[in-house]
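One chain is shown next in structure tokens, namely the form predicted on its own.
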């Protein structure tokens, strides 16, 4: 699957994936849309070739190609050429920004990171997708992704698949030592300290604290779960007591409670996943993509991992940072109508189901979380539905990249104790206020 930026069984409902059963489900799910999409005899004038740009898939490209072939059969006269980019979100952003700024028609449809849409839309680089997303269609999708693709009350991308932060835990170790998956941050600390005291060499809680976009996602989850915010009705409200408490706790995980190793301040998703997958950590915050490796029978932690919503502070609620990828239409496409058709197909129920089975993409369509085939292959969908229903997008604004740079710098300074939490948040508040003022 594509790793974003880089978007719950209890101990008795740990996900298992029998490879042969999964393959049978996948082939059946792909066959159904193929049958449903036999040529309809429609023509679209002169032959058209659409270019669909997306990140490299981690897995067999066949299922995606099968969906594109089905689209071509349903739309005689339209061909689709899919072209991949590096998996790095930064590299993709640079490619798109350079080409779109130059008004290049070299690609028609592309997969956009959730944090790009507002900026690209403001620049005039994306086609308005209102006709694809009337009210009833928006209601069929998770609310967080819809907010993330909306600029000035109009949608400029179609939520394709969803990511959000999760808590991974060693269900076997928690059960062995008499602990339930924690619902609060203080409960996580108590469980980590108790279990690690009896399991030599085990880390308590690992997460992503390097100075990059992943740190912003991690930190916002603490702030939000304590009732804090970055903006309130357009005002910057970062420098608040709730946020100071939440960020201080994040720092204390490393320096006071010592349940998180110092290495988390330089960690990204993959080092975290590898450490947890080696059986060397009790808890981990990461995205849903990590689950597939732990569910592999060859994994050291196979059958011993559960996932749950992230903890929260007393009086707060679990809130995950929203990730995921969206389908956008290049405003300079020479075939916008055909491109819109392709987006509608790739975002359809059968297409999202096929991609979920093939790559573990988490659908943006809420109804698919009740699909019997998907639930059989991925029992964790029941909890993922809860996670995605409460996931929040990072600030949806055209200048988000600048805001993120400020947050990354100040959050990192606080975590490494280069700057006290109160000063870091006050500095971030001033920096973001200047960005907002410049926008006016």
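Numbering follows the first chain given and starts at 1. Here the structure is a predicted model, which is why all the values come from computation and not from measurement.
Heads up, the form predicted together with ligand GLC isn't pictured, but that's what we're talking about next.
- Among the residues 328, 356, 114, 206, the one placing a heavy atom within 4.5 Å of ligand GLC in the predicted complex is 114.
- This chain is displayed alone, yet in the predicted complex one of 363, 214, 155, 145 has a heavy atom within 4.5 Å of ligand GLC; that residue is 214.
- The partner is not drawn, yet in the predicted complex one stretch among 179-187, 214-222, 227-235, 71-79 has residues with heavy atoms inside 4.5 Å of ligand GLC: 214-222.
- Within this chain, residue 283 is remote from the site of ligand GLC in the predicted complex, having no heavy atom within 4.5 Å.
- Ligand GLC is not shown here, but in the predicted complex it comes within 4.5 Å of a heavy atom of residue 394.
- Although the partner is absent here, residue 160 sits far enough away that none of its heavy atoms falls within 4.5 Å of ligand GLC in the predicted complex.
- Although the partner is absent here, residue 287 sits close enough that one of its heavy atoms falls within 4.5 Å of ligand GLC in the predicted complex.
- Within 4.5 angstroms of ligand GLC in the predicted complex, the stretch 74-93 places a non-hydrogen atom from 89 alone.
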